[in-house]
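Next comes just one chain, in structure tokens: the form predicted alone.
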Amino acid sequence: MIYFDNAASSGVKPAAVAEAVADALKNLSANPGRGGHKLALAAARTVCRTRADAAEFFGLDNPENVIFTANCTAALNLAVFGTQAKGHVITTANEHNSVIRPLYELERRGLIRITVLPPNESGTVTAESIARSIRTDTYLIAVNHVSNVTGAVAPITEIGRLAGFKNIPLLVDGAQSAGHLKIDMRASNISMLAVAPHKGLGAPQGIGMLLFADGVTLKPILFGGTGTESENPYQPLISPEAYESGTLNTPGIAGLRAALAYTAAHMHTHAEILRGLSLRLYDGLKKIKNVRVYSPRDTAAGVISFNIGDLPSGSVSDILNDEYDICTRPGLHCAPLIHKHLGTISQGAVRASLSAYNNAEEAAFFLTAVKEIADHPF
């Protein structure tokens, strides 16, 4: 099988990640922060060390502002609902439904107004276009770092500089970029960063992160046991406990710590491999008659979307799976606004998303398969 669906979840996990998860299941099956015995304390130390490692990896000053969630969707919901105010939000057509749906829900409740900016010819939204949309009541800018449909990369440092100058918090959806691109919250003036560790970082599924800078006012949206202030009927407001009600996913967090260390050691090499494979795939697709490519040529996260004539994207993906044993992702990719912009809302698109564990032989076979489908449409 050729796995070209890494934007959904990385197909290969480093051995160190699997070993860390297994070790935690075997030796740390206690509830971190919910007891003073040796096992609970050992689990809590793993959680605390992972916070520190994540803060260092992403350029965050305060490790206590690293919040573990069930996934990146939960992290984005915490960011959107936790900072909600009466006013105006700027976002982009590149956003995933994990951002769009919470924002539209707040708008439906009559609490906010939304400006959705279309991407330019390069597939990105610029700081200049955002600046033109800022109003006196704008309280949040939400930007997708790397589009999960086209792979286009947003200029988050320039956008962060603008947000800082205007004193508006910047939320960055790093689901597709974390592990592929260097992200420094401090240098890019990112107020909140949501991460999907099971993608570019190669961590287990079932763990997400929201990292937020000091000075961000974040209200809890999940209420329950925290292991602190148990006599208090109200949710405590001290980070991180305020945002982590219930039992944490200690095995997932242990795997995440191993993934951070592995990625830090191999990120540069993996980025070079991924870039080379992406260029090979892009250039090859562009040469095939009747194939339309929607991604920019230099896709940092290995995301390349295309269609073959008017064939339904689901049908093309099914042929690739059934006849060639190649895994891709068709449809709208939970990002309908960018598909409306591309004119593919009815057809969808076929997304091939690579990792550094793919190789040139797989890319060549994939291109042959696409050409055969394009030459002999059903």
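From 1 onward, residues are counted along the sequence shown. Keep in mind that this is a model prediction, so the values were computed, not measured.
Keep in mind that the form predicted in complex with another copy of the chain is missing from the display, and what follows is about it.
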Another copy of the chain contact at G110 in the predicted bound form, heavy atom, 4.5 Å: no
Check your understanding: At the 4.5 Å heavy atom threshold, is S29 in contact with another copy of the chain in the predicted bound form?
Key -> yes
Report whether the minimum heavy atom distance between H96 and another copy of the chain in the predicted bound form is within 4.5 Å. yes
- Classify D61 as contacting or not contacting another copy of the chain in the predicted bound form by the rule of any non-hydrogen atom within 4.5 angstroms, answering yes or no. no
In this chain shown alone, the residue from T263, S278, N71, N307 with a heavy atom within 4.5 Å of another copy of the chain in the predicted bound form is N71
Next on the checklist: On the criterion of a non-hydrogen atom at 4.5 angstroms or closer, are P102, T228 and P233 all touching another copy of the chain in the predicted bound form?
Outcome noted: yes
The stretch from 296-304, 73-81, 267-275, 182-190 that lies within 4.5 Å of another copy of the chain in the predicted bound form, judged by heavy atoms, is 73-81
Contacts from 1-25 to another copy of the chain in the predicted bound form (any heavy atom within 4.5 Å), listed N to C, are M1, Y3, D5, A8, S9, S10, G11, K13, A18, V21, L25
